[in-house]
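Only one chain is included here, represented as structure tokens and corresponding to the form predicted on its own.
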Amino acid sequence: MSTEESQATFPAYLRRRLLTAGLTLLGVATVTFALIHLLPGDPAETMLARAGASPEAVAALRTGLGLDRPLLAQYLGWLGNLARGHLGTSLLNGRPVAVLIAEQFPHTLALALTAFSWALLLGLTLGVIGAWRPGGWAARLATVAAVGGIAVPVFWSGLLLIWLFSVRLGWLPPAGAQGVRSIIMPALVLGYSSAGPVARLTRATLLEVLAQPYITAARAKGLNRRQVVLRHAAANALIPVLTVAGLQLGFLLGGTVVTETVFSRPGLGRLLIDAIIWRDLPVVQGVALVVAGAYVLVNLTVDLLAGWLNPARGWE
């Protein structure tokens, strides 16, 4: 496909992707609403449990919160509020859900971006080392490190880092979000879990590219391994790695729940956990929708960037 044809089909491609993104968000909203209402327990009873309220008080609170309406009516009402840009109001403290999310989102975004930078740096480095001299000790060590990032649970590696750098050495704070030092360990843990897929795909793609005839021709011209790998092969292996890296960024935005809990950091993860414990339905639904929206936006951006780098593949 020529550049002119690619540019001509870009608006249609963009409309198609936006429609898919909208349907995805609608599906996430519907599934989240259904699942949260299938959870055991009653929000009104949970909120009044410590006060020892009577059944009449619980029923009155349910009516005041609109929880006595049919599920379909609640669902349609929530969708109507979403269409007007209103995520609802917290059942627990009466504050707008959008305000609660806006307060916590910067903490999650800072952690996700820091972890993504570390994951990209580590993953690309391990992938290049693994493809540099396949079968060598450095390649084997890089492969073990990449697999470890996928296999080791986040909570386990987080506890190990807390024990080492906080308890034993006293170098870093074990919890909280005060200053740059407090984000180092959570970012290392979260980023390491995402570095594995990037490293494995980088290695596999580089090995595939290095087997191409033009790479053989480049070597025949006298180029050394460093020039072949970094100057020629790496550029052609960029697109699939970029796609996976973008998906990992979306994963990091939604995967901070465990990390923020282990390190007692503020953020959407902690907000979501507290909302689930207290059965704060609007907050749970709002956080899930925002995280899904961020993931869809990242995925769309990666698709458009990959299409721009290789229009013949992107706008098909």
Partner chain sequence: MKPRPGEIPGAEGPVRDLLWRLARQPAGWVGLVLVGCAILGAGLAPWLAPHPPAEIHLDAQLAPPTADHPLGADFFGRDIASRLLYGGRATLAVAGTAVALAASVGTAIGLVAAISGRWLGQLWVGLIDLLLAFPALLLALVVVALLGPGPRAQAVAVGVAGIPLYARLTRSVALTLRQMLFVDAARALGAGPWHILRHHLLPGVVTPLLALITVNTGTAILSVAALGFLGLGSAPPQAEWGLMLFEGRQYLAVAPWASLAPGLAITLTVLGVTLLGDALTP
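The model shown is predicted, which means the values in this text are computed figures rather than measured ones. Numbering follows the first chain given and starts at 1. In this text, rigid core is short for the largest set of C-alphas that superpose within 1.5 Å between two forms.
Just so you know, the form predicted in complex with the partner chain exists too; it's not on screen, but the next bit is about it.
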property: The partner chain contact at A177 in the model of the complex, heavy atom, 4.5 Å; result: no
property: Any non-hydrogen atom of A60 within 4.5 angstroms of the partner chain in the model of the complex; result: no
property: I162: touches the partner chain in the model of the complex, heavy atom cutoff 4.5 angstroms; result: yes
property: is_contact(W137, the partner chain) in the model of the complex, heavy atom dist at most 4.5 Å; result: no
property: Stretch in contact in the model of the complex with the partner chain, which is absent here, among 98-106, 180-188, 121-129, 148-156 (heavy atoms within 4.5 Å); result: 148-156
property: All of V28, T261 and S264 with a heavy atom within 4.5 Å of the partner chain in the model of the complex; result: yes
property: Those residues of 264-300 which, in the model of the complex, come within 4.5 Å of the partner chain by heavy atom; result: S264, L272, I273, I276, I277, R279, L281, V284, A288, V291, A292, Y295, V296
property: Core superposition between this form and the one not shown, C-alpha change of W118 at least 2 Å; result: no
property: Core-aligned C-alpha movement of Y192 between this form and the one not shown reaching 2 Å; result: no
property: Core superposition between this form and the one not shown, C-alpha change of L25 at least 2 Å; result: yes
